Ligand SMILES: Nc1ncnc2c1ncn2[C@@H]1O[C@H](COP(=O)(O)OP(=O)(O)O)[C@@H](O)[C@H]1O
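Before any questions on binding or motion, here is one chain by itself as structure tokens, the form predicted alone.
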């Protein structure tokens, strides 16, 4: 089973590229599902057919769905959300306000991704293509399993210990709604089954992110930052799609000549900065690419002899190296700003902060007892040294 995520700055053509990939793959024989995780869905408009929260067959071998975040929240948060609603209502917060507050930060994004994972688990499709929200929302989407896993694990340890002693007594004297064992069971199920499986899915070699951009300075810069942030969480990027390149016929016109030269410069720059990722250029179209036939033609032009579902390149992963004095943890972070990196060891975990994002890594048994001896950035990778205590 293969999972592809398309993301990029808003307006660069993510939905069209994701849909074209799905149509191309389906017509080459793969059972394919294309799903939109963006709150502002436009996948149905691009495919030319109305879509809903359940997969719909668009043509033989191709299905599509626009994931409903609220429906996924109801499905996956269950009694956890019901308890929070009851708690807020007890505090005097009524109606829709309590319902909104009960949506924990990031709950909609996380459960949307859980919904997509459920389609992969079903085994009904060989390839699932996700049309993700713009870059910032996608980063929240793919980093939430890691962040939420740690937060829920700590919360369960604390509340689970208290519930066995405090809750039975408190129910007799305090009218405040208190969580029962069913709430904890749902939280444990979310943590130990679904989020753990989702984290493994995102880190698996069968999952890739593809960055969609256009030959514009701000778009390219944002894509470079996104590549760094995705690498922090070991999300593998396997290609870059360079959208809306002027065709040769247009560049030959005097009016477009300078624009064409600028685009070629940007294309070379992207190829250099994103190496070794392959860059797939896509020509600017004379009209919107909508409907299955135009999407199929766009996909064929984009991939050519390449398999649209193949892993087009592999990214280096985190590695642990041993030398005479200890161990070195090497975390690839292409184009990271060393001044924005911060490293600390907390018990048996390594915490790496890159700007506003933070990644927590559980250290192997042989490294966990060692001291953090230093860190430096070299060859697009953060190298953290651990040595034995004196």
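As the structure is a prediction and not an experimental result, all values here were calculated from the model. Residue numbers count along the first chain shown, from 1.
Keep in mind that the form predicted in complex with the named molecule is not shown, yet the notes after this line are about it.
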The one residue among 312, 283, 203, 220 placing a heavy atom within 4.5 Å of the named molecule in the model of the complex is 283
Among 289, 279, 120, 246, just one has a heavy atom within 4.5 Å of the named molecule in the model of the complex, namely 289
Does residue 16 make contact with the named molecule in the model of the complex, using a 4.5 Å heavy atom cut-off? yes
query = Taking heavy atoms and a 4.5 Å cut-off, does residue 369 contact the named molecule in the model of the complex?
reply = no
**Request:** Please run the contact check for residue 210 against the named molecule in the model of the complex: heavy atoms, 4.5 angstroms, yes or no?
**Result:** no
Please determine whether residue 374 contacts the named molecule in the model of the complex, using a 4.5 Å cut-off between heavy atoms. no
Answer among 300 to 308, 271 to 279, 237 to 245, 257 to 265 for heavy atoms within 4.5 Å of the named molecule in the model of the complex: the stretch 237 to 245
Within 9 to 46, the residues having any heavy atom within 4.5 Å of the named molecule in the model of the complex are 9, 10, 11, 12, 13, 14, 15, 16, 42
